[in-house]
Structures are given as C-alpha cells and as structure tokens.
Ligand SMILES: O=C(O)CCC(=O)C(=O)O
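Only one chain is included here, represented as structure tokens and corresponding to the form predicted on its own.
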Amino acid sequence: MATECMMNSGRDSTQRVEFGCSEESMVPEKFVWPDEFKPKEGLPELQVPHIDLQKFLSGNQSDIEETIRLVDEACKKHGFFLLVNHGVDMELVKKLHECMEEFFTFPFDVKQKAQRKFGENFGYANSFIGRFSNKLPWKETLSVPYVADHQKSTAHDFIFQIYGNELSHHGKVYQECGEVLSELGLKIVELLGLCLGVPKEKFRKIYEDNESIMRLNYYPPCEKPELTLGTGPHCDPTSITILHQDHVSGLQVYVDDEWHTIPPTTDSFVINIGDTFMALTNGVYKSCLHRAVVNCKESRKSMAFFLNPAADKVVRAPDEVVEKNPPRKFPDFTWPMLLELTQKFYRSDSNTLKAFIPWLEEQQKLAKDTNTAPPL
C-alpha cells in the first residue's frame, strides 16, 4: 500500500510555504517531483465530447441517443467529457471566482483560521503540509461541505462558524453554488444511468441526498514550474467531479500512455468519473489519472464540486449492470470508508480501488473480531 507519503497526524500542519516570496525560485525540495512525473510542454489536446445538456433534456430522441453514445464512449475510455449549455448561471460562477480571489489573497493567519487538520475533509490547506511528506503540490485549497437538504445551509454555516459576518457573503455564494451544482450533478447521474441501461431514477435516488465537497483550488505562479506540480497524478476517489477552470490552462489527463491537456473554456464544466462511481458501474466506466500543472506567469484558479452519496448509502453496482459485465468486481461499501482510506492511509492514484478492497476486508474482519459495528 502506497503510504510512504502520508504523514503522522501528530506532525505540525501549521507550516507553510510563502508562495510569492523571493525563495520560490529555489522550489523547496519537498515540492520537487521525480523526473518521471515532471510536466512537459507541447502535449496533445484530449479530444473530449462537448455534451449539450439542454439538447439532451429537450426530449428529441435523436439528440438523446447521440448524447448517450458520446458519453458512454468517453466514460469507457477515460471518464472525461465537457458539459455545455448546462443551465448554470455563469454570473454566479463569476461571483464564486471573485470569492476565491479574495480568500486566497488574505494574509496567511486569516486563511489559517479555517485550517484543515489531518484526517478532516474540510477547511484550508497549504500544500497539504502535515498530510504528505514529499512530492507536495504547489497549491492552496479551501474545501467546503455541501449537504442536499433544504433545511440545512452547510456551506454557509461552515464559513460563518469560522469567520462570522466577516465572510458571510462568501458563505452565501458557496451555498448557492452548492445547490445549483448538486442539482446539475443529479442530471448528470441520470444521464449516466441511461448510458448504462439503468433507469435514470435509480442513480438519482442514490445521490438525491448527497453529502458533497466543494473544493476551491489556487495555484500560485512558480519560477520553476518544470520542477513541480500543482496537483500530482491521481484519480478522484469521489463519484462525479464537476470542474470549472478559469482562463489559465493547467488540467492534464493520462490517456493511451500519454499526458493530454484539456484547455479551459470558461462557459463550460469539465465532468469526470471518480472511483466511487467507477465501483457503482462495476468498473465499466473509468476513473482516469489526471493532474494540474503550474506556470511562471500567472496564478490559476479552479472549483471542483465532488458529488458523493450520503454517508449511509451503500455503494453497490445495480444487478442489471453486473449482469451485462460479470462478475461483481467490488464489495459493498460506503463512501466514508473510501474517504477514510484516502485521507489517512493512502495517497490517491490509479490503484486506489485495488488497494481499498483488502483494506476494507481487514477493517470488517477487525470489527467482527472485536464485536464492533462493521464499517458499512
């Protein structure tokens, strides 16, 4: 199990790199990646389908069939496609980027009020110092919770509990974005269900009470971008990722033994399959390696909304999917179990699910031997 980069929870996580200081040209050793990971220029663009959501929702049968064909083909190959004409108000997305710009330019001690501690899912992280010991990413993040419950304002409340009225406007924007992206996520899983020959209501029910994560990413300029990465190669352990990039290129995907770029288009969302949804499809749809690179000229911002099932929902591929693609490849599990593995014991990569299965079996055996509740 690839745990060599995970740090002990007792280590100090308040260390930081002062991005933008004169020492950045040196690139601290912990940020330098091995040669096989270092970014290269002149990569080919990944040919991903542009899926017009409004055409799919229009009811026109030929449009529906063509959308299903394109999405199914992409998800079997690499799990990435572009969503256009999606119905999300881009003025709201613009406000979100303005909040990101404001937050990440705050002094470190202000951002540190929201410090994300080891093993926790939400809060501010500076290069994941305290979580990883080497191959650190050249970035800062703010992760905010979102729960699809009209009686709760989890995103807003999370920010309010830390900053009070000072950043109340941030919390309102994050909450509104969460609501819109959660609903968009439900439409996406309905589409994916149809692609798999599953009634669209089946996947919607799994995610209608989703407990999701909104992650705001900030990649500062780096004088030696060829030495480091903004985000290292990984597969998302989550279900569906809805990503919005600003105008700065940086997203790369590993397909056919080669890295490819997905250039930003500010009026669209990049959608990709995560490990949890891959398990839900019995491995039919792929969770693909991707990374983010940095540059020496300007900062880059992105927002990733990670759609996840509620904590008590069992992730189990529908029988009709397994019957078409036997045998059943993954044990039943809940999303928090996979999250625990990737937050505490395993750095996400292309083998996360493969590593998760024996770890889950070990946890279940331990629970049985100690007569405690099994992790499901």
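Don't overthink the numbering: it's just position in the shown sequence, from 1. In this text the structure is predicted, and so the values were computed from the model without any measurement.
What follows is about the form predicted in complex with the ligand, which we do not show.
Only one of 105-113, 71-79, 161-169, 235-243 places residue heavy atoms within 4.5 angstroms of the ligand in the model of the complex, namely 235-243. Proximity to the ligand in the model of the complex, taken as a non-hydrogen atom within 4.5 angstroms, holds for one residue of N126, N217, S299, T154, which is N217. Contact annotation: of the candidates C195, M100, L251, I206, the single residue with a non-hydrogen atom within 4.5 angstroms of the ligand in the model of the complex is L251.
Although the partner is absent from this view, V284 stays clear of the ligand in the model of the complex, with no non-hydrogen atom inside 4.5 angstroms. A304 belongs to the set of residues with a heavy atom inside 4.5 Å of the ligand in the model of the complex.
Not displayed here, the ligand is approached by A292 to within 4.5 Å at the level of heavy atoms in the model of the complex.
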